[in-house]
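Just the one chain here, the form predicted alone, laid out as structure tokens.
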């Protein structure tokens, strides 16, 4: 009998590809389990591993010692060598604690809710908001790099839960970049947002705010007036115009 914890994550592979009797996948028993009770049925653990892998959009080798395409009987599933496996254990404990606390909310507002890996990760291994990824790229490598990153992520993930591709993400990224004094990079992100959302009043407001950071009141006025043209009820643009001595 092979004492390997984690044939576990291997359920990310089709059942037809599992090694048969020689490899005992799924295994007959578990080893080096520290969060699951040792008496947990193997089928229950493998189902959980499948959920983890799907929630993070990863494969076995993300946490376990082995390589993509390597025969599964050569994976060292019991090893704790990889940091990601140690992190996963802590994340499992955190999720368990959150779920224990949900039922304590006043009025049982969370009745029936359950947190899982996918709640935060939504199919990506690091659950960083899109606005943060794009702002970091713009500040580290410039606007062109940030725009390429956005387009690549949008092509791969648009229509899925992984990232918020609404207009607010690029606006938030532009504001963060502008506050760091990188005005040209921030304005480049807004041009990209105008391409995706050509009628957005919010993007015009952000353009005006960044122009004010830059000290360009003429450009700011033009941006706020464009915001009002797109959304005549826009109170922020109206208030900004008054604040810089321009009547809306």
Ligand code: HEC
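All values reported here derive from a predicted model rather than from experimental measurement. Numbering follows the first chain given and starts at 1.
The form predicted in complex with the ligand is left out here; the points below concern that form.
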- Message: Can you confirm whether 89, 95 and 126, the three residues that make up this candidate site, all sit within 4.5 Å of the ligand in the model of the complex, judged by heavy atoms?
- Response: yes
- Task: Check whether residue 83 has any heavy atom within 4.5 Å of a heavy atom of the ligand in the model of the complex, and answer yes or no.
- Result: yes
- Query: Taking heavy atoms and a 4.5 Å cut-off, does residue 145 contact the ligand in the model of the complex?
  - Reply: no
- Consider residue 207 of the chain shown here, and say whether it contacts the ligand in the model of the complex, taking contact as heavy atoms within 4.5 Å. no
- Message: Can you tell me if residue 77 lies within 4.5 angstroms of the ligand in the model of the complex, counting non-hydrogen atoms only?
- Response: yes
- Task: Just one of 58 to 66, 219 to 227, 180 to 188, 194 to 202 has residues with a heavy atom within 4.5 Å of the ligand in the model of the complex, so point it out.
- Result: 58 to 66
- Pick from 141, 105, 152, 120: which residue has any heavy atom within 4.5 angstroms of the ligand in the model of the complex? 120
